[in-house]
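As structure tokens, one chain now follows by itself in the form predicted on its own.
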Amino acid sequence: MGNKLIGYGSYLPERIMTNADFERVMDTTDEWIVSRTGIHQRHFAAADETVADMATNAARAALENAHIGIDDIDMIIVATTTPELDFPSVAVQVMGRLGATQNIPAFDVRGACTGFIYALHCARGFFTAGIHERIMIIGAEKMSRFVDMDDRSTAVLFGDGAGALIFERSTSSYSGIIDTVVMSDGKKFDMLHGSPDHKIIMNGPETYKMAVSLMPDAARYIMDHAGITQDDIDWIIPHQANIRIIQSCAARLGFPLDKILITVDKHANTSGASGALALAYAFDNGIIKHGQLILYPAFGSGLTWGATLIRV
């Protein structure tokens, strides 16, 4: 039993933090940031703006795009690593804020930057089992909560935002979420993680080395598993970590850069929201067309990594 994409939506906070803004508060320059990351700006949520706020805004936009209401959804999955509350889940908060009257399952997935692929993996399983009709998947992060303004190597990398996709069960197995693969390696936990005082701890060189190896590996695996080649792929939407990782992964896969969707310059690294935000941007700007095949690989803390194939 397959599925198809019927709606999308996104939300970016109003505040834009430019590289010039960072120049005023730390020892860095626009040239240094752009040359190493490709990032020109990022959105930061307001102090009183929560992950649930952003997720709800993206969900509402996706419902409007799909021309359906919240009671037409029978499962909500939220990928996030930055919720303000330990409980309840962001997903149930979204469900309540949207006024759902049905007692549908709603839960969060924590897979860091690979989180949205983990959520898609879950949704694909539920569709395959034939027990859900319409699933909303949201990626929402407030990475600015973890930004350490004393650490220029990480502070400039991250942004906030949320994106949402809605999939509906279909008789076709060649549309929607076609295939997923997710993996993890807990032995490398110390390479990239959050500290008890909400700061990002990252071994930059090692993280780069693993990302440019594991994301292409996941991409090759899923193409082999699906029985396709790179010629069948219309677009790659990689996790938007930084431009050097994206370019290195493209080179290792042999994909031309004109088939790689890049939004890291505008959004920075939004962790679990990265892929959904990039896809929404591509739809809004007419870059991706209906029927095209998308390859989305990602890598994140955990270590976690994976890839998915989506025909839109």
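All residue numbers refer to positions in the sequence shown, first residue = 1. Small disclaimer: the values here were computed from a predicted structure and weren't measured.
Beyond the structure shown, there is the form predicted in complex with a small molecule, which is absent from this document and is the topic of what follows.
Using a 4.5 Å cut-off to the small molecule in the predicted bound form, each of 192, 202 and 205 places a heavy atom inside that distance.
Among 144, 175, 184, 242, the residue placing a heavy atom within 4.5 Å of the small molecule in the predicted bound form is 242.
This chain is displayed alone, yet in the predicted bound form one of 60, 259, 252, 36 has a heavy atom within 4.5 Å of the small molecule; that residue is 36. Remark: residue 170 does not count among the residues lining the small molecule in the predicted bound form, judged by a heavy atom distance of 4.5 Å or less. Taking non-hydrogen atoms only, residue 104 never approaches the small molecule to within 4.5 angstroms in the predicted bound form. Heavy atoms of residue 127 never reach within 4.5 Å of the small molecule in the predicted bound form, leaving it off the interface.
In the predicted bound form, the small molecule sits beyond 4.5 Å of every heavy atom of residue 220. Residues with any non-hydrogen atom within 4.5 angstroms of the small molecule in the predicted bound form fall in just one of 72-80, 176-184, 89-97, 152-160: 152-160.
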